[in-house]
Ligand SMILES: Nc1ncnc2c1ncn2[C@@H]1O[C@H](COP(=O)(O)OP(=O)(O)O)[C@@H](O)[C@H]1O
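Take a look at this single chain, the form predicted on its own, given in structure tokens.
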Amino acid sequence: MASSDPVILLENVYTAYEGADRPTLTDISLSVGKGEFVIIGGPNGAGKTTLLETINGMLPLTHGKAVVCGHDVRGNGVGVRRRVGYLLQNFAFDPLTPFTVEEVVLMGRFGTIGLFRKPGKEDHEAAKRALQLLGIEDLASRPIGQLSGGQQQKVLLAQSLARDPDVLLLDEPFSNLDMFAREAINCLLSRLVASGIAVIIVSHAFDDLPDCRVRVVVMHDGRISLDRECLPADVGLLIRNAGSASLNA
């Protein structure tokens, strides 16, 4: 499903983890435009997280072309990651982690300012905006390791937003969140999509999705088996039917 002005363009992409005897992703072609909301579905091991890692320039391409935010993934993964926010699946901080919430969110700015430059006024303002967007500004001075899993999840999302990304990649972003927190995150995602940010989510949770047009990409065995737009209410059924079709093929 092509876009006239894609922020993500994958053409016949193959990727493989080091030491693997066969590609993890096979012949992936995907074009995502500004302000698109994409849900990646499929069974465990289908390649969903690998697809996010490929878009983020974290895995080498063995074949094909990948351009993200105007940067060739093969030669400029660092440039890609400056423009992409990536929320990892089930990441948790050790209780003794010696950073405050504000410091963790500020780390999202390092891709923009560099690791060895001190954050300036603009960076602190970006972190503050991100904390406010997630409604966690009251946690700014708390040690990150002492927060609940759901609170840590919000902090990491704020970290991604602090870099003012063009693309937001979210791997199971609703894990550890209660119903009210999920509803708040979905309202935020709706606003981000409306502002032109491309949001791509790997998720098994299809309740209370953002109130916007949804594009569903279903993966099976490292390939895309379905790529279709639908209404939020139809996402779960579409993914389940696509999975059944893949298994019976």
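Sequential numbering from 1, following the sequence displayed. The structure displayed is predicted, hence computed values, not measured ones.
Missing here is the form predicted in complex with this ligand; even so, the following discussion is about that form.
When this ligand is considered in the model of the complex, Ala46 lines it closely, a heavy atom lying within 4.5 Å. When contacts are judged by a 4.5 Å heavy atom cut-off, Ser203 does not count as touching this ligand in the model of the complex. Remark: of stretches 209-217, 49-57, 29-37, 192-200, the one touching this ligand in the model of the complex is 49-57 (heavy atom within 4.5 Å). Along 161-180, a non-hydrogen atom within 4.5 Å of this ligand in the model of the complex is carried by no residue at all.
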